[in-house]
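Given next, in structure tokens, is a single chain: the form predicted alone.
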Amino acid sequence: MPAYIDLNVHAYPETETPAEDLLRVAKRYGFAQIAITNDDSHVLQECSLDDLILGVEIQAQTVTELKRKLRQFGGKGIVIAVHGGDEKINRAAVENPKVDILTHPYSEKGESALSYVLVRFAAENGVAIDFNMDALIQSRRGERARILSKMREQLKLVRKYKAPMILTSHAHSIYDLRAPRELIALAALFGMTGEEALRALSETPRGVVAKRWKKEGEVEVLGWRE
């Protein structure tokens, strides 16, 4: 069975749910590991659990702020995600090899902020594009149709330029977590094949954690636990 990994989970102190509870439920659902990617003002500093991956989701209003925060977190050996949505933030994220994941690449209004140029940069710099299934689960009919349309566009670009892609829950509580089979089924709604979804939940997240697509000397490589 694939070693499933969810690389976008939020826990205490950002939320009320301890990381240990989220990991326990995630493992019951079939995940081998999860990453706690709290926002940069509520970072989980340490954890003794082997199957818990430490990370951060950087939120920035300007490129200057983003670069400053990347310098702050870049040498800590954690998974670094950047909350996108703005085209300038998206570009600064995918151009920087310190970034591991671009989350929320389109704006809250569903406007596209991810072009073929940015996806090419993501592929060159090993920045994984996040397909957040919580966006589908929490949306209503009109909004869901718009999100599905943007995800289809995003998927076509990622396929064409062979950028890494991952599926995540963006869970903020144990009730937001979903089993891998549920995430795979949701991904089919916007055209992701079963094989692609399996890789996006196992092989690719493992590569992100191991910094597999980073050039030597660019980042501190994380260990992968079997």
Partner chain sequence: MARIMADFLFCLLCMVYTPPTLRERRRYLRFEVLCERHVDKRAVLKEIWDSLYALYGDLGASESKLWLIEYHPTEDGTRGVGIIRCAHNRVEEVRAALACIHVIDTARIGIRVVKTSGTIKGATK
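Predicted model, so just to flag it, every value in this text is computed and none were measured. Positions refer to the first chain, counted from 1.
The discussion below concerns the form predicted together with the partner chain, not included here.
For Lys160, no non-hydrogen atom is located within 4.5 Å of the partner chain in the predicted complex, even though that partner is not displayed. Not displayed here, the partner chain is approached by Leu186 to within 4.5 Å at the level of heavy atoms in the predicted complex. Among residues of the shown chain, Ala179 is one whose heavy atoms approach the partner chain to within 4.5 Å in the predicted complex. Remark: Val25 counts among the residues lining the partner chain in the predicted complex, judged by a heavy atom distance of 4.5 Å or less. For the marked spot (Val56, Tyr106 and Asn132), a heavy atom within 4.5 Å of the partner chain in the predicted complex is absent from each of the three residues.
This chain is displayed alone, yet in the predicted complex one of Leu44, Ala60, Leu52, Ile174 has a heavy atom within 4.5 Å of the partner chain; that residue is Ile174. This chain lacks the partner; the member of Ser149, Gln72, Gln138, Ser115 within 4.5 angstroms of the partner chain in the predicted complex by a non-hydrogen atom is Gln138.
Only one of 27-35, 62-70, 163-171, 196-204 lies within 4.5 Å of the partner chain in the predicted complex by heavy atoms, and it is 27-35.
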